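In structure tokens, one chain follows: the form predicted on its own.
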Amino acid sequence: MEAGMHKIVNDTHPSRDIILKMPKIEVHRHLEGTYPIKSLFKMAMKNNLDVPSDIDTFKKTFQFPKNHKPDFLLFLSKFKKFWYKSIDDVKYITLKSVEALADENIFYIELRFNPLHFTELTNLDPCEVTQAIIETGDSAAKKIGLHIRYILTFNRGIQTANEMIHTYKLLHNSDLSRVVGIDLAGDEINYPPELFTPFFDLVKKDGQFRIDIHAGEVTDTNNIWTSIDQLHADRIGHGVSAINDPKLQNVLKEKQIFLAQCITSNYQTGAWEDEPSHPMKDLVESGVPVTIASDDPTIQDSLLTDDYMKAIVNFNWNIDSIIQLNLKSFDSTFLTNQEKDKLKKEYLLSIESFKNKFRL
């Protein structure tokens, strides 16, 4: 394990209820994949959408089936864009999504979203959408005592680099002071990172946002190397293939480029087809900077808590192991050093309260 993080093994696993109450750090979660299913159902009924009219069938239709074998196309099929009829729908589902983070005891989150996801079928203004999500999310976060920032996602299968540049410049008509990062997501096989170098050169030159690239999820490490060398990646989404490249692991350590890894998501998409052998354990214990994330918890029908439990059970970690990983994960955030230090102190107080409550 990384220097300063001694390896702690576990004799008895804590219950899921205890882990649910543990304060958590989350830097890789898509708003579009985190809507509370009951709120989504309510909005669908209001908008008279052609979807199942009973909640149980609705859930089965729009969530990945429990205990289903990995299926990337089935996973993708659960994402829909027809939910929204107005900007009020965007505000409503954002409000409910952020409020629900209290149920998971999320302490800090960098919540990502693609403004164009909400505009494709609605003709809404992407700047209006961006502003609505940030203002609504901030309001909900303040109410529940959550620390929140935002990441803007650009989808490589929807836009070219030049089109991304156009959208990026357009979005500057919004107040982006609460946005900390720019994310590249989507099909990394057919749209490799080098296609988007001009866009990320611009983002890097502007110096306003950090850069987060989905890479090495379903490809070898070439896409991770390119993301670092050409797209200026400060953080990598998933990066499971890094386990096969010791040279890359050394670079990740030297540059402190974190891998945000998602055990449940990686299994369901087929990025890693055996949860107990997920590379997170070996990467962490060899000193590679890794943070646990959820990705799309509603689509997956699985919370960040469940990924914590899988790490505990499969890797023989315990609560202190996860707390140490979360403390280190503050370095994965796109906050300033001053903000990181302040929040880390608050987090330690929150952890102390958590431990005292459960006599840990």
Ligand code: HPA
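The structure presented is a predicted model; accordingly, all values stated were derived computationally and were not measured. Residues carry their position along the shown sequence, with the first being 1.
The same protein has a further form, the form predicted in complex with the ligand, not shown here; the description that follows concerns it.
Out of the listed residues 83, 107, 225, 75, 75 is the one that sits within 4.5 Å of the ligand in the predicted complex by at least one heavy atom. Contact annotation: of the candidates 288, 185, 179, 124, the single residue with a non-hydrogen atom within 4.5 angstroms of the ligand in the predicted complex is 185. Exactly one of the stretches 131-139, 165-173, 210-218, 252-260 approaches the ligand in the predicted complex with heavy atoms within 4.5 Å, and it is 210-218.
Although the partner is absent here, residue 265 sits close enough that one of its heavy atoms falls within 4.5 Å of the ligand in the predicted complex.
Proximity of residue 191 to the ligand in the predicted complex: non-hydrogen atoms within 4.5 Å are absent; the residue sits far from the partner. In the predicted complex, none of the heavy atoms of residue 307 sits within 4.5 Å of a heavy atom of the ligand. Contact check for residue 238: a heavy atom falls within 4.5 Å of the ligand in the predicted complex.
In the predicted complex, the ligand lies within 4.5 angstroms of at least one heavy atom of each of the following residues of 271-305: 295, 296, in sequence order.
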